[in-house]
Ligand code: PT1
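One chain comes next, on its own, written as structure tokens: the form predicted alone.
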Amino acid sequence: MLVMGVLNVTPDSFSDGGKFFSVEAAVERAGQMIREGADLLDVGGESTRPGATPVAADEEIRRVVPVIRQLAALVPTPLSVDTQKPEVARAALLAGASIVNDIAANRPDAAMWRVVAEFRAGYVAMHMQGTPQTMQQSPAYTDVVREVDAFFAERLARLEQSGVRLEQVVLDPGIGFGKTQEHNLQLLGALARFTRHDRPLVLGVSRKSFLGQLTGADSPAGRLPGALACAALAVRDGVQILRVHDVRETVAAVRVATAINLNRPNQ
């Protein structure tokens, strides 16, 4: 299990907006997460919380590229760029990133995928219904698990047609992106099903609002116990990357869950 530390270089992220907006603060936070055990770092310059205002590509590049360039020169930790825009992905990959984390893998065009293929970058294909501006207005599915599973199969075929090798791709069910609390819980209960695609799974539940709805936690930081419960179950169900804000606590939870999982009797 790998832990991906979230580094928001934004003024308006739902969980830590503005705290790491400067290059210096972002690099310092990245170093802290690496010391706490982060295996990867995911740098994002545009908030994708429900209803977030889109950011122009040039502004997003201005936010993320200096951070990625400096980190690439300082640390060996693989760097991911969290972006929906092909031009931002290209700039970030040129600056030293090696992974594109794309919440908009539901896109109809192949421009992003051509960039990923050109750089032979890692690619996180995330399921989302709608856009960040519309996704939580009235999310609806006949069978959310079946539909996300079918999305993964269709996207893998499209990616391969666009020149992206399947070994470059990891899959993310997109918890909280166009899903109700019930949809999120159904997907979390079915994570093992998605391993049939023979691609690593990424799970991002850190500090998300559905955890607060379940536990009564008002603040994003107060949702940590719920996120750690999801992390432990994710180890059991074959998830290979956890995208988190709270690295130290997650690394500890994963270590214990992994030790238990390795000692489970064969079923």
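We number the residues from 1 along the sequence you see. Keep in mind that what you see is a predicted model, and the values were worked out from it rather than measured.
Another form exists, predicted together with ligand PT1; not displayed. Remarks below refer to it.
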Honest question, do E60, V65 and A92 all end up within 4.5 Å of ligand PT1 in the model of the complex by heavy atom distance? no
For the interface check, one of 66 to 74, 43 to 51, 27 to 35, 227 to 235 should have non-hydrogen atoms within 4.5 Å of ligand PT1 in the model of the complex; which one? 43 to 51
Would N101 count as a contact of ligand PT1 in the model of the complex, using a 4.5 angstroms cut-off between non-hydrogen atoms? yes
Can you tell me whether R199 touches ligand PT1? I mean in the model of the complex, with a 4.5 angstroms heavy atom cut-off. no
4.5 Å heavy atom contact, W113 and ligand PT1 in the model of the complex: no
Taking ligand PT1 as it sits in the model of the complex, is L191 near enough to touch it, meaning that at least one heavy atom pair lies within 4.5 angstroms? no
In the model of the complex, the one of V148, M126, L79, V88 near ligand PT1 [non-hydrogen atom within 4.5 angstroms]: M126
At 4.5 Å, heavy atom to heavy atom, what parts of 144 to 173 sit next to ligand PT1 in the model of the complex? List them in sequence order, or say none. D172
